[in-house]
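Just the one chain here, the form predicted alone, laid out as structure tokens.
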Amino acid sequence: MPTDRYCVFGNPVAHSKSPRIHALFAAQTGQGISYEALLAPLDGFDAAVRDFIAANGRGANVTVPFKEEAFRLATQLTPRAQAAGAVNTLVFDQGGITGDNTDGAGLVRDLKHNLGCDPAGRRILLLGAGGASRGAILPLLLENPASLVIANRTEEKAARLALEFARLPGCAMEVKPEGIGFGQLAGRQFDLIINATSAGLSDAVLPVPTFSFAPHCVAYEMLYGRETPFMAQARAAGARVADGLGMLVEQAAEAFFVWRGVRPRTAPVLAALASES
């Protein structure tokens, strides 16, 4: 079977689990692909992508810090990539370069299928107003939550982001997001709290009141592979806690489906990664 080339671009990228994940997907589905991690220079992302295309690359994932550059590089964008303002999946064909964003779909699928936490009807708090939040907002809204609040250290940034999605053309949503500062969380409770900030990388503590974790709350940390202060705080408040490993695998499965038209089973891959850690 001929082998089609795929990769993940990042800087740094040597730590990426994506090659292992996609190797497991390929073996499971019988797809003839190769997948590698490629370090792109900080000032040479576009050139690295074009070199990969010239070497018969069929598609790529994109991780930090290149998701916004990938958005600008794409000659066409999917609606979810347009909404996110960032691209984590590229498709190369005769039509050019298509940019997609599978992060939000991966988050929702992990919540619903792996954690049994359906966002429908839940009061959702999304912490942070950066790129990770942008990718999650539309997929969460499309699940019809009871409410979606975006909280950020800078209230104005959260408010602008919420307004942008409230005005999103062609997307009829019953619930409009609300943007607030962390100081406005007092007295409010949520059934699902998602940390989309990078605070856990520096072990920074987020100013989320303990009261915000409602009974039976699910606390979701987008980072994976480490215990963060947000996770510790959520456990102390009695919340059910999950990290972002499932999101990583599910967004990869969505990208695999975009490229190959085949949706791999993620449960065996999650089990394999857990046994290897």
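Since the structure is predicted, the reported quantities are computational estimates derived from the model, not experimental observations. From 1 onward, residues are counted along the sequence shown.
Only in words, not in the display: the form predicted in complex with a small molecule, which the text now covers.
With the small molecule omitted here, the record of contacts in the model of the complex names 193-201 of 72-80, 193-201, 139-147, 98-106, defined by a heavy atom within 4.5 Å. Of the candidates Leu111, Ala162, Ala129, Leu125, Ala129 is the one whose heavy atoms come within 4.5 Å of the small molecule in the model of the complex; the others do not.
The closest heavy atom approach of Phe182 to the small molecule in the model of the complex falls within 4.5 Å. Although the partner is absent here, Arg188 sits far enough away that none of its heavy atoms falls within 4.5 Å of the small molecule in the model of the complex. Among heavy atoms of Leu206, some come within 4.5 Å of the small molecule in the model of the complex.
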